[in-house]
Ligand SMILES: Cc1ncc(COP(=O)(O)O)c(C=O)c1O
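Just the one chain here, the form predicted alone, laid out as structure tokens.
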Amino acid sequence: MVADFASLRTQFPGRSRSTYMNVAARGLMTTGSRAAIDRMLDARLYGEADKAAMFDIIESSRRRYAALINADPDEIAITKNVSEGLNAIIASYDWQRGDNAVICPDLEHPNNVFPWRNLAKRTGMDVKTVAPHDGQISVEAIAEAIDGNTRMVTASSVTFAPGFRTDIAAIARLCRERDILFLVDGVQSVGILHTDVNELGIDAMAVSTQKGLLGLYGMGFLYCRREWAERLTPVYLARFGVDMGDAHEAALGDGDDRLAPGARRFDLGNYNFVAAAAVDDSIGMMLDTGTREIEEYVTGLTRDLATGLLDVGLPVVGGEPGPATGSIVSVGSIGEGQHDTVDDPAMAGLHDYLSANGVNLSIRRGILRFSLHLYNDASDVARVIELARGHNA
């Protein structure tokens, strides 16, 4: 079945308010997700909430997310965001003084940097940093940094800025050969780019639901391959992380506190049921559409956008689109400006002009960032290119 992206687009009312190219910050929501939220809030409003049904939604979202990334449901934990997922893995390893982890901090979100600094202070482990190469995480630099004391390597599947794809499979092979845990921040790719954790060789991956999964803030998923999950001991433990069969959620058990199988041991207290209802619906839509189809469609749009902006004479980071191009196109010079600002007057002017004309984009580390999803189409791309041409004229 050929995916009907024009029909899917009608499920996103937000597209009528702007030319929305900002999924890297947060995605648009579907009418289906809004309806699912309304049903849950109505039940709560009228005192008709059914806890068993709420747990069913949690398990449905867990199953659907597992199917989306080709994992087993027991390899998925429910978290509140990417940061919690990353910290769950980082803190659960039995670090010893002299152990090390490898990271490229210049291309990571800060929340995949702060936990490592904190860990080094607490345990005496070392954080080995590698420099980016042409705005990308270098597999060769990672390989050179790994030594006999390396216990983890971490990387974003798509970098925080400028938004290039990382060769995850190549890094995973390096780690698998050496029994090193490979921890991935997948928030800028999952839901947009086809992600098969087994095919890629990922050991653990954290995401939140408000970006490519088209859900809400306040919920995330943590994948951890079963073999690795069962080598880790959670620092935090709550009822849902303990294997007590069909016992009630408030049961104390016999004191044995056998950890839940796989990644479920990282589940904590009651869940964000509203966010689960929203993402359960949006993931269902993605599964029906097909992740390979979504990737092909979205990356086709981003390649056209990058090419068009280059033709206008704009400094597209990385130049002509290539293998590292995913769902993000960045314009400007990396490192100029801060999180939401840009020092280059020309780029600042372009940003303000596009924003004033209804283009929703963001600035990260001094560059303009356009990020697309399945609700975008060729007319969005053409409009942004024409606006940029008019501004540059």
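So that there is no doubt, residue numbering starts at 1 and follows the sequence shown. All of these numbers come straight from a predicted model, not from anything done at the bench.
Form predicted together with the named molecule: not shown, discussed below.
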| query | Within a 4.5 Å heavy atom cut-off, is Phe164 in contact with the named molecule in the predicted complex? | reply | no
| said: Taking the named molecule as it sits in the predicted complex, is Phe160 in contact with it (heavy atom to heavy atom, 4.5 Å or less)? | reply: yes
| task | Using the partner position in the predicted complex, report whether Asp185 sits within 4.5 Å of the named molecule, counting heavy atoms only. | result | yes
| Hey, in the predicted complex, is Ser156 touching the named molecule, heavy atoms inside 4.5 Å? | yes
| message | Quick check for you: of 244 to 252, 231 to 239, 208 to 216, 124 to 132, which stretch puts a non-hydrogen atom within 4.5 Å of the named molecule in the predicted complex? | response | 208 to 216
| said: Can you pick out, from Thr302, Ser92, Asn81, Asn100, the residue that has a heavy atom within 4.5 Å of the named molecule in the predicted complex? | reply: Asn81
| query | Of Gln136, Thr307, Asn111, Thr289, which residue is found within 4.5 angstroms of the named molecule in the predicted complex when only non-hydrogen atoms are counted? | reply | Asn111
